[in-house]
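First comes one chain, alone, set out as structure tokens in the form predicted alone.
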């Protein structure tokens, strides 16, 4: 990544206090998404951080992970697999319930999304407590996928998510707070 690029991306992320709940400082990435140059540099940086040049599937988590995952998949010549909130996928699924930083949720993936032995990269916008990523990693494991690593645009390190998912494989984040 060119000198100063990471700092420019970081400075473009907007802090929104008390969203979605009081006491939470939300990192708003929409200004980065709105800038095609910064978005492309972000995707490049997320891929470079992993060192991965080839993978069969990229899994993106509902909803902003779809943006990053699909773009990374396209760059790597891989298939894209969505992990969605319960009840949103139209075919047979496997699912899991999990805890997140301010509640609980459930995610699902199509049963045929990943074939046993396929190499997989997990991509999402944010690593916080590790609940959502951990759930997605569990689904990948259940499918028989071979996880090569996880890549995140932002990591909130003070919430300890990396420690919760590190046993699954290498964890990379472009920007850490």
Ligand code: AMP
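Positions refer to the first chain, counted from 1. Small disclaimer: the values here were computed from a predicted structure and weren't measured.
Below, we turn to the form predicted together with ligand AMP, even though it does not appear here.
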On the criterion of a non-hydrogen atom at 4.5 angstroms or closer, are 66, 86 and 108 all touching ligand AMP in the predicted bound form? no
With the partner removed from view, which of 33 to 41, 48 to 56, 136 to 144, 118 to 126 is the stretch that lies within 4.5 Å of ligand AMP in the predicted bound form, judged by heavy atom distances? 118 to 126
Hey, in the predicted bound form, is residue 167 touching ligand AMP, heavy atoms inside 4.5 Å? no
State yes or no: in the predicted bound form, is some non-hydrogen atom of residue 130 no more than 4.5 angstroms from a non-hydrogen atom of ligand AMP? yes
Heavy atoms within 4.5 Å of ligand AMP in the predicted bound form is the criterion; list the residues of 1 to 36 that meet it. 24, 25, 26, 27
